[in-house]
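Next up: just one chain, as structure tokens, the form predicted on its own.
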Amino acid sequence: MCYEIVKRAKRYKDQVAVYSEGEAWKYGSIIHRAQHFATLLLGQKEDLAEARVAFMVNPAVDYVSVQWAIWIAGGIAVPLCLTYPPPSLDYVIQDTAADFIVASDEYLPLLEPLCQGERPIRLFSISGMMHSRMFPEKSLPVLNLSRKAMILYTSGTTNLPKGVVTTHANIKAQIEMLHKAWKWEGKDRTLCVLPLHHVHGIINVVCCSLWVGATCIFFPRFDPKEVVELLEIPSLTVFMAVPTIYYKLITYIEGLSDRRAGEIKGNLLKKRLMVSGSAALPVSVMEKWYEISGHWLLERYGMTEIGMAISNPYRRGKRKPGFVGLPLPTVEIRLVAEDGKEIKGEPGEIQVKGPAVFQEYWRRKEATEESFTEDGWFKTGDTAVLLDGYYKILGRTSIDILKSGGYKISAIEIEEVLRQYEGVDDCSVVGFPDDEWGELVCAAIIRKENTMINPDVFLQWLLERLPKYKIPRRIKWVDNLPRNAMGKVTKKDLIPLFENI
């Protein structure tokens, strides 16, 4: 028995699964490629037996073929970020003790030196695999859903990245809950513009669409004009992106004529679902996107360790700006205080239970144990509050919840206010260690182009909207904010900016 997503794909073998590089690929063709690749990976073995297979493959049919090949051969898929420098790639490869690496040809010069250390690693090129002689036909291994399937690495915004291990059962649960909540159908067509080393792109876009016989259109490079034109295609029904992408699309559309912007809005209105995730969605971006497209973006909450956990409603119910919604099917949520006791009506740490929650951190037993309570709840490290039945994320407990002068302060709340100022383009708020206050509220702010901001006028404006203890005590005007591949601001990189102010 092969992994279930491949089994299901056999139902749709004559339907188009993927559009990539101007070519349509049917499910049957991808299954054939995956089986060929799996045979090459297995060699003389009957089962990869959870060997780690890292792969650095462009977002296209090759990515899906390699991912499926690893799974049906019994391996653990370890997708590598296409923009990582060699030390970051080497960290993941060595941490997972990868036995094989599969790569698009253009990445071979980057990866070859990393395969020649004390522990030899076999490197496969996509072109080489395509032209390799297939080994004699052999039965593929029988897989139990409890087998390990994938290792994804945390973003590392607050500490060293950890490998998050999910089983085939975890992935199945993550996909099925989104199918139920977001009503995926075989007639759906979705556009993938997200990196494929992260749960957002892998599960929410690619796996969800292919699970039900829908079509995934890969667009590996981001260009606002081309993405907008693709979104206008009538058959395209679902679009998912991070806030940074929506911001860039808004900027592009706002620069067009009223007539052209009107045409775009008319076409976007026909889409059935538009989702934002992977970082907090600024209310201002949500409101501007509604003006441009007629869609209130569906914001949801998830993370590498749990897949998706909370979502605004798809049809029944209101999507509230600044809120992430209600628990998804099969997910249990509770908020707890610092003493570990469950609380209601007050901010607390989000804890999660359910079949989608990951199995363990790779080879980090202590970190795994510390991340779960004795009764099996995963401690997310995120702080939220439940208001009128909807969850509102206040930020990472470790970096977005500042402790200053005895107050607990949400950096996200302050950022939302700062973005409302006419001259502010974007911003990020962090806490800088201070002996007297515990942490000082500090803000890195990007000014809008050709804009001057009077500090006294700005301060007075803030005092009219925030209590004094939430006003940034140190401000650094910057040209850009450091971000990771998913568009999240890496706040640890901002903190040194405030050292000598």
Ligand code: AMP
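Everything numeric in this text was worked out from a predicted model, so none of it was measured. The numbering used is simple: start at 1 and walk along the sequence shown.
The following text describes the form predicted in complex with this ligand, which does not appear among the structures shown.
The putative spot formed by K13, S29 and W68 is not touched by this ligand in the predicted bound form; no residue has a non-hydrogen atom within 4.5 angstroms of it. The candidate stretches are 227 to 235, 257 to 265, 390 to 398, 423 to 431, and the one lying within 4.5 Å of this ligand in the predicted bound form by heavy atoms is 390 to 398. Among the residues K187, R364, K408, K183, the one placing a heavy atom within 4.5 Å of this ligand in the predicted bound form is K408.
In terms of contact with this ligand in the predicted bound form, the residue from F358, Y301, W289, F239 that brings a heavy atom within 4.5 Å is Y301.
The shortest heavy atom separation between L143 and this ligand in the predicted bound form exceeds 4.5 Å. Contact between R119 and this ligand in the predicted bound form is not found at the 4.5 Å heavy atom cutoff. Mapping the unseen interface onto this chain, A279 counts among the residues with a heavy atom inside 4.5 Å of this ligand in the predicted bound form.
Contact annotation: T154 falls within 4.5 Å of this ligand in the predicted bound form, judged by heavy atom distances. If you take 368 to 389 and check each residue for a heavy atom within 4.5 Å of this ligand in the predicted bound form, you get just D382.
Look at E439 and E346: in the predicted bound form their Cα atoms move 3 Å or more farther apart than in this form. Relative to the displayed conformation, the Cα-Cα distance from G406 to Q351 shrinks by 3 Å or more in the predicted bound form.
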